[in-house]
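Have a look below at one chain only, the form predicted alone, in structure tokens format.
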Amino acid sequence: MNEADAALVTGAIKKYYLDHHDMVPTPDKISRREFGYQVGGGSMVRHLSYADERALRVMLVGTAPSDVYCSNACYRFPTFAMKEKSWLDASLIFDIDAKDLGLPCRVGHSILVCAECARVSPAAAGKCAACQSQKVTVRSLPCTKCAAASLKEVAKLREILVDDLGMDDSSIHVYFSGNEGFHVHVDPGSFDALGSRERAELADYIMFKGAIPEAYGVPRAPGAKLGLPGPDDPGWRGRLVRSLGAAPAKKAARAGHAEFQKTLGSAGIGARIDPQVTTDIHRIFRMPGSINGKSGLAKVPVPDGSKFDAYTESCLIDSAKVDITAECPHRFVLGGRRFGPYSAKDTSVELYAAVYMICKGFAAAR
């Protein structure tokens, strides 16, 4: 990012934190948390601590970080080196990202930014269309299909947390990450004391990983009596039958142990979370209400029981018009407005769109 681009983005972020300081909630036990931030997508500054809400606000406005993070963990000494922090506990946070879902729509709304000549090409090209370099970075544009598919995974996760693990639904908070994913935060509770190994087992359960036929009444011995669960059985037993249908489940079971194992492996009923995020008890997470430096969009809460337009609700940088030069082969919708396609075109757009395009690498300030 050149000097002019950095000045535009940093200025927009600074104004955002001045105007929307109430959008960033103060973490509980703030003095026990580790904080970190980046400015202009530069190196991470970590092992920071803030005594109270005021100190955090001063940093946000004074520094205007492109990204700001807070640990899910509490420590006795949050500013010390990792091995010396003295870990106390860590809240559960889950990550679901559209890029991990294998959706067929992605090629149609992704672009390639060339590291050699900085030109932009359609992702389907596989390389830079201008200089033929294969040193390219894939960037995805807003897609309602990706957001909807991710929210379906969030719904699966929520059902498991409430129905199987006994969590209170009101303790589960969902956020759009400001780019392509969703974060699910669970209020502090009995799961906070779990270490990495226990969280790995929890992640396996949520993803329906490691299921064996015997747990579903399908014994290994040929000809042995089947004991398939019913659709109203609790947990994964009933969920599997409801997903497959009673008749297909019975047919798969009668095909034998090996075939039923294949059915379990391809059922696709687990929530597709990122297990590394779940198991990391020292991770620092993007703060709710903060700006995502990959897009200039904000990490915003997803309200329960209502239609949510991720790429409108997260456009919180203001809409003053600015001049940019843009190059993008696809049309996209942001903040309820259509943008592109652009072919090295000088244009005037809303500030939130300019920041988005600069952060994605297919526009420059004029």
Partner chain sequence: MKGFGTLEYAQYPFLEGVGRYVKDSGFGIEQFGHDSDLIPYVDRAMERIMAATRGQIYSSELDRGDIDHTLLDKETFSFVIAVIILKICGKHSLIKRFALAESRRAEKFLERNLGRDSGGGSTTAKVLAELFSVDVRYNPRGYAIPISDYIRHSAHFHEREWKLVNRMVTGGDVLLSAHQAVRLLRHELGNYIQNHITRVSAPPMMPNFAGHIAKLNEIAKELEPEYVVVSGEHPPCIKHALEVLKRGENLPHSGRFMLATFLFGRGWTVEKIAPLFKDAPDYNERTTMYQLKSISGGDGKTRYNCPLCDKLRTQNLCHETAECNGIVSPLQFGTRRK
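Since this is a predicted model, take the numbers as computed values, not measurements. Positions refer to the first chain, counted from 1.
Absent from the display: the form predicted in complex with the partner chain. The rest refers to it.
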{"query": "Pro222, heavy atom within 4.5 angstroms of the partner chain in the predicted bound form", "finding": "no"}
{"query": "Touches the partner chain in the predicted bound form: Gly268 (any heavy atom, 4.5 Å)", "finding": "no"}
{"query": "Partner proximity in the predicted bound form: Asp169 to the partner chain, non-hydrogen atom cutoff 4.5 Å", "finding": "no"}
{"query": "Partner proximity in the predicted bound form: Pro104 to the partner chain, non-hydrogen atom cutoff 4.5 Å", "finding": "no"}
{"query": "Heavy atom within 4.5 Å of the partner chain in the predicted bound form - residue from Glu259, Asp100, Asp187, Asp163", "finding": "Asp163"}
{"query": "The partner chain in the predicted bound form: contacting segment from 126-134, 200-208, 67-75, 170-178, heavy atom within 4.5 Å", "finding": "200-208"}
{"query": "Interface residues of 177-197 toward the partner chain, as seen in the predicted bound form [heavy atoms, 4.5 Å]", "finding": "Ser190, Phe191, Leu194, Ser196, Arg197"}
